[in-house]
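As structure tokens, one chain now follows by itself in the form predicted on its own.
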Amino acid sequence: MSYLVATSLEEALTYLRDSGGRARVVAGATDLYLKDLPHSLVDLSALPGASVIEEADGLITLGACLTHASAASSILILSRATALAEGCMAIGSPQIRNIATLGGNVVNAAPAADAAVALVALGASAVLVDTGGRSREEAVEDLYVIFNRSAVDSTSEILLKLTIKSCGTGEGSAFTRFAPRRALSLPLVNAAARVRIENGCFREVRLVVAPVKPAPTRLLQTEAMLEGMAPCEETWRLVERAASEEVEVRSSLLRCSARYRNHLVGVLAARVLQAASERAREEEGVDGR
């Protein structure tokens, strides 16, 4: 097996073209040995802008090779995309967070990947380019095919960057998870939310839970129910019931029974919405209680 470090995008694409489908792109490669090893690996971590964190015109741009540790400690992400910082901080151990990348979290396509759940809640998009030089932009939530299989073909396509609309006045986001222990453990359930509040009422909500389906799953019915409602204790009770009833889950030997996970979906959905709402109201300069 050969290991090739690309120093430019064109060099990386050339490596992939020349390999005839026998090479695969990597960055952190923390999940590499969970899969069949390819003939060649093309390391993208040295690409210019591979780990960038930038904001312009209300849009945050993140290089796909940005590590979870860097994302979790970024002042910009902590303040304007808080759910992502919290999701990245929940992943693995310090050693893993210092190597694993946002792009890898998406392309690996684990349905309950903490950073990916946060990215979907934030409405993130992915910018990709293939060996033919064609580029495309897709919503992160549309890059899932089946369990642990992404729509990104890492033998002929590169995920370059992720973009997120920055949370502004009256907006907030949050992430939470429930797991058997605080580190190095699969979540029984995780959840993320992004909200916009105007005049004390919800005007936009994105609420995501996992693992429910092969991808981080938006609770569209619960989101629609919340339109025009006020963030309050009665609302959290309604959310807990609605979220739990909206999903169909299965029992898992790795996680828990379907009945318990169904209950957790409701509890965490209400909890993460409350946290996101308090942040949104703080942005409005209103006491979040």
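Note that residue numbering follows the sequence shown and begins at 1. Note that the coordinates shown come from a computational prediction; the quantities given were computed from them, not determined experimentally.
Not pictured, yet referred to below: the form predicted together with a small molecule.
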(request) Have a look at Ala100, Leu219, Val120, Ile164 for me and say which one sits with a heavy atom within 4.5 Å of the small molecule in the model of the complex. (result) Ala100
(request) Evaluate Leu44 for contact with the small molecule in the model of the complex, applying a 4.5 angstroms cut-off between non-hydrogen atoms, and reply yes or no. (result) yes
(request) Indicate whether the small molecule has at least one heavy atom within 4.5 Å of a heavy atom of Leu184 in the model of the complex. (result) yes
(message) Since only the chain is shown here, I'm wondering whether Asp31 would be in contact with the small molecule in the model of the complex (any heavy atom pair within 4.5 Å).
(response) yes
(request) Flag Thr176 as yes or no: does it have a non-hydrogen atom within 4.5 angstroms of any non-hydrogen atom of the small molecule in the model of the complex? (result) no
(request) Specify the contacting stretch among 133-141, 196-204, 103-111, 209-217, defined as having any heavy atom within 4.5 Å of the small molecule in the model of the complex. (result) 103-111
(request) For the three residues Arg24, Ile91 and Ile96, verify that every one has a non-hydrogen atom within 4.5 Å of the small molecule in the model of the complex; reply yes or no. (result) yes
